[in-house]
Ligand SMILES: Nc1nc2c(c(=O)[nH]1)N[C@H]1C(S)=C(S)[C@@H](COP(=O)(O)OP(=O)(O)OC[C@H]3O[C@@H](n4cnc5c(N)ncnc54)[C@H](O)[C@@H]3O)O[C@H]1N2
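Presented below, as structure tokens, is a lone chain in the form predicted alone.
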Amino acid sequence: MTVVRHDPVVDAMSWEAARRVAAGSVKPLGAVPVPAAEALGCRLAGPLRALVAVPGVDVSAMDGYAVAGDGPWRLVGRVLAGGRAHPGPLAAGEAVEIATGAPVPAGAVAVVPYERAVAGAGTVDGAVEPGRHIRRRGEDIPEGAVVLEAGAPVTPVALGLAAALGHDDLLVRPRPGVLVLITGDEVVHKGRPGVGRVRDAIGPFLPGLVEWAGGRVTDTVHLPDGPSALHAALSGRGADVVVVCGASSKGPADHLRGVLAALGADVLVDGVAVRPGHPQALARLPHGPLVAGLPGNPFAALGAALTLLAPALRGLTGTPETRETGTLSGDVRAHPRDTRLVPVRRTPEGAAPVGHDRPGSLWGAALADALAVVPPGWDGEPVELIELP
């Protein structure tokens, strides 16, 4: 892939271009068969076919009597769901008592429900409608039918369907593994932060965001400031994507770009013209994994994760991109050069800004259900709305 490099200060990559680069930087992971119970949250790598018909044989749809010919009928047996089938076909004038889901004997023309039958000593009578209350083999799902196409998400209901159709394993694209690196000597991870310290607010939201985008966090590692620890962590193997939180700007404690250069990484995105979240980055390490560099400010990190990380994870899982647009209600000001990501709530009058959208605070994003993508020079036209996890 040809990558156009930009000076991160003078000519930062546009937000739209950065998102396209992130989505196009990967190919879907190879298909693997996994036990069905482990496939939840993955996407099918091939069509899901019915290994059996549903129902597998002609079965009763009601509790009552399976009858042959015209009534009255002589009772010759009973058939229960999961029990032994009635031996041989029914002759005209014969009936068996039958439970819902039980196999209907050959020769039966209908099932007469209890409430429409009159039972006597060894006989039964009632109104019969030929074919009524019998579910024929394959009536719901024929054997061999494709019930879900490749790319369909494996939901809890899809797992139930697969089990009903005889599947123990499913061919899926695995969820990409994500290693999270939290950097910063000033960052604390429990309790109230002291003077000069800040509580980590990025690490707690990343696992949910990664899962929402189709991946899974394999480990979260807390690193001190300095290039050596970051260099060692990025040299490891085992993850499809590494997320570095902090260390992505130009300050004295920001070592990500220097470490990437030392490792020989191919930098795909180096700064994005977006507010918040300008100092974000995307690179590929020589041994394969992507590195997504997120700013240290929590709301800026969220915006960067939705710009670079989520599209890359969807590309790895083969998830098609969907886009929503809407009108904005309320006072929104565009930036002359940069795209703005504005927390909004959808309302009947349009997407309303909720405020509280400074880079260091997640308050506005927590109140919102989407981020409005306000392009440079926006003048009231509909905008894209990015759903929040």
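Predicted model only: the values in this text are computed from it and were never measured. Sequential numbering from 1, following the sequence displayed.
Omitted from view is the form predicted together with this ligand, to which the following refers.
Heavy atoms within 4.5 Å of this ligand in the model of the complex belong, among the stretches 259-267, 241-249, 152-160, 168-176, to residues of 241-249. When contacts are judged by a 4.5 Å heavy atom cut-off, H133 does not count as touching this ligand in the model of the complex. Proximity of V198 to this ligand in the model of the complex falls within the 4.5 Å heavy atom cutoff. Contact check for D125: every heavy atom lies farther than 4.5 Å from this ligand in the model of the complex. Looking at L294, you'd find a heavy atom of it within 4.5 angstroms of this ligand in the model of the complex. A heavy atom within 4.5 Å of this ligand in the model of the complex is found for one listed residue only; from E129, E186, E139, E143, this is E186.
With the partner removed from view, the residue among P279, P105, G214, P289 that has a non-hydrogen atom within 4.5 Å of this ligand in the model of the complex turns out to be P279. Residues of 297-321 lying near this ligand in the model of the complex, listed in sequence order, are N297, P298, A300, the criterion being any heavy atom within 4.5 Å.
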